[in-house]
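Just one chain is shown here, as structure tokens, and it is the form predicted on its own.
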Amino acid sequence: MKALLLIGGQATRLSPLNKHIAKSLMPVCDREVLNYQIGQLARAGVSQIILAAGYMVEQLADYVSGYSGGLEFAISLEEEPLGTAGAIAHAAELVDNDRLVVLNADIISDVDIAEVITTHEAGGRPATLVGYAVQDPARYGLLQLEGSAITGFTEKPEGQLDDDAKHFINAGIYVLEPTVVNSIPQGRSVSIERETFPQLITAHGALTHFPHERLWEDIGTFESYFRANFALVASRYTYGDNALWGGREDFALFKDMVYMHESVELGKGVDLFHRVIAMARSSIGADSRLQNTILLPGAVVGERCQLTDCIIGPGVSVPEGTRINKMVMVAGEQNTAFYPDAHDMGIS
């Protein structure tokens, strides 16, 4: 069985944080998003992973070339955006009539892919979608459900919804039979939600639904990347050495949602006050205070700094005495404002 990771293009909403690193190689608690996804797929028995990408392809190829876990990798190069289904069709030669697991490559989740495949086989339909349960569906397109069957899609719901009901959105994880892959038109942009799946529902009556209600976050914006890191820390508190973490021991977790890699250097009098992530080789100078802040690998915070609601990029040096909030700092770039919402993290 094969898998396709939909990596796509430049991810401009993360610029300038991802100017020099592919979005799927962004670190979340010291591991690349791609690392987590490769682990998920390997545990599910996938034998080959195809990367559908059109940006920083050499960087991605270098990364997977160093993987020693027995998986095979291939690149499906997209010279122009093709949409979700268009990217699948473009990779059809590499898929070679195998059943295909498809993941959006900007998602961190603890979905058990093996369970999704089992549900797909039991469902007997050409496609299975993972749905993620959300409390506020107003910003999302919703799956229309009848039991375990998906019968349609609602773009963005209008009017009053039943607050007691569970609302599921498309989580960007699919299992597709070869007939689906081979039916998608080649050579043009194709939307899987607006074209491919509605056609399948018309032809087959429904698609199979796999509900998911635990960890699921995308990293497509500063805000969602911020949430994904802290959601992963929260899952470690909640579920312990779960499969996504893999029992790693290169970090410490402290009360008030503080994650620290073992290589971090701390000066005297440092105050890590509630929700702080300090990744590998970062350091924090004496008498500095951090709150709701992420330090990416190699970030250096000077003495007597106060950082609140910040993302400090790889290798950035924050001058001593700096006081900033709601800011992304990237080496060689102007500071960029962002607006994390602690209540939206679900971990306050």
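In this text, all values refer to a predicted model and were calculated from it rather than measured experimentally. Note that residue numbering begins at 1 and tracks the sequence as displayed.
The following text describes the form predicted together with a small molecule, which does not appear among the structures shown.
The three marked residues, Ala53, Asp106 and Asp218, each reach the small molecule in the predicted complex, with a heavy atom inside 4.5 Å. None of the heavy atoms of Lys326 is located within 4.5 Å of the small molecule in the predicted complex. When contacts are judged by a 4.5 Å heavy atom cut-off, Pro185 does not count as touching the small molecule in the predicted complex. In the predicted complex, at least one heavy atom of Gly141 sits within 4.5 Å of a heavy atom of the small molecule. For Ile7, a non-hydrogen atom is located within 4.5 Å of the small molecule in the predicted complex, even though that partner is not displayed.
Screening Tyr239, Phe73, Trp245, Phe153 for any heavy atom within 4.5 Å of the small molecule in the predicted complex leaves a single hit, Phe153. Contact with the small molecule in the predicted complex, judged by any heavy atom within 4.5 Å, is made by just one of Thr196, Thr128, Thr84, Asn229: Thr84.
Segments offered: 118-126, 254-262, 74-82, 271-279. Contacting the small molecule in the predicted complex at heavy atom distances within 4.5 Å is 74-82.
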